[in-house]
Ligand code: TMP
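Shown next as structure tokens: one chain only, the form predicted on its own.
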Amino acid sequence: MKDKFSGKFIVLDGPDGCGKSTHSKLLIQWLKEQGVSTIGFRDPGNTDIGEKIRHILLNPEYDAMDTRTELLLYMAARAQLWAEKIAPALEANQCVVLDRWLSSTCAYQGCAGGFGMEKVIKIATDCLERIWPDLTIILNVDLKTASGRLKSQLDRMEQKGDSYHQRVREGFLQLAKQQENFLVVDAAADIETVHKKILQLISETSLI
């Protein structure tokens, strides 16, 4: 496992309420137990600039924000996170586990927001040193299950409504079919069951 995952870049992504933050932490813990030097980040965030951008993006006070503005702010935070945190960690041969990445912008702003996934990827190609991880795990969950897992106080993105979030889910599944190095996990089950499925998939996969 140490040889397989050292210096690898792994992303867990999916709709709000899919459990990606929980499963990112569990995966990090498991990798460390296997002797893999592992570090985790969230996108956007984990830098001074990124955390300020995150506050603006998720604050319901800014409900007039345009899809293009969202896209560019997410991309700016992502570029900073790569430069400050992710690239140095990978250069040090650490395994990086990330909560969200470009796949989120493709699904949210590209598909649900109507900007277009191909256009999102083009902008990312121009802005980011690396657009795709070694492995992206999409946690797929239906709207009813996802909404039941969210906190009562929703952030700006979570408040966008069922039709928007249904398109987000469709965007993730569409992207997983189009891109290499993507795996889809049914995340509707309990935490332990989903965690075991993730471990099985990453242990067996030949993608990394």
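Start at 1 and count along the sequence shown; that's the residue number. Note that the coordinates shown come from a computational prediction; the quantities given were computed from them, not determined experimentally.
The form predicted together with ligand TMP exists for this protein as well; it is not shown, and the discussion that follows is about that form.
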Taking ligand TMP as it sits in the predicted bound form, is M157 near enough to touch it, meaning that at least one heavy atom pair lies within 4.5 angstroms? yes
May I ask you to state whether P44 is within 4.5 Å of ligand TMP in the predicted bound form, using heavy atom distances? yes
Applying a 4.5 Å heavy atom distance criterion, does L143 contact ligand TMP in the predicted bound form? no
Flag I49 as yes or no: does it have a non-hydrogen atom within 4.5 angstroms of any non-hydrogen atom of ligand TMP in the predicted bound form? no
Where does ligand TMP sit in the predicted bound form: which of 88 to 96, 72 to 80, 121 to 129, 134 to 142, heavy atoms within 4.5 Å? 72 to 80
Within 4.5 Å of ligand TMP in the predicted bound form, which residues of 1 to 15 have a heavy atom? Give them in sequence order, or say none. none
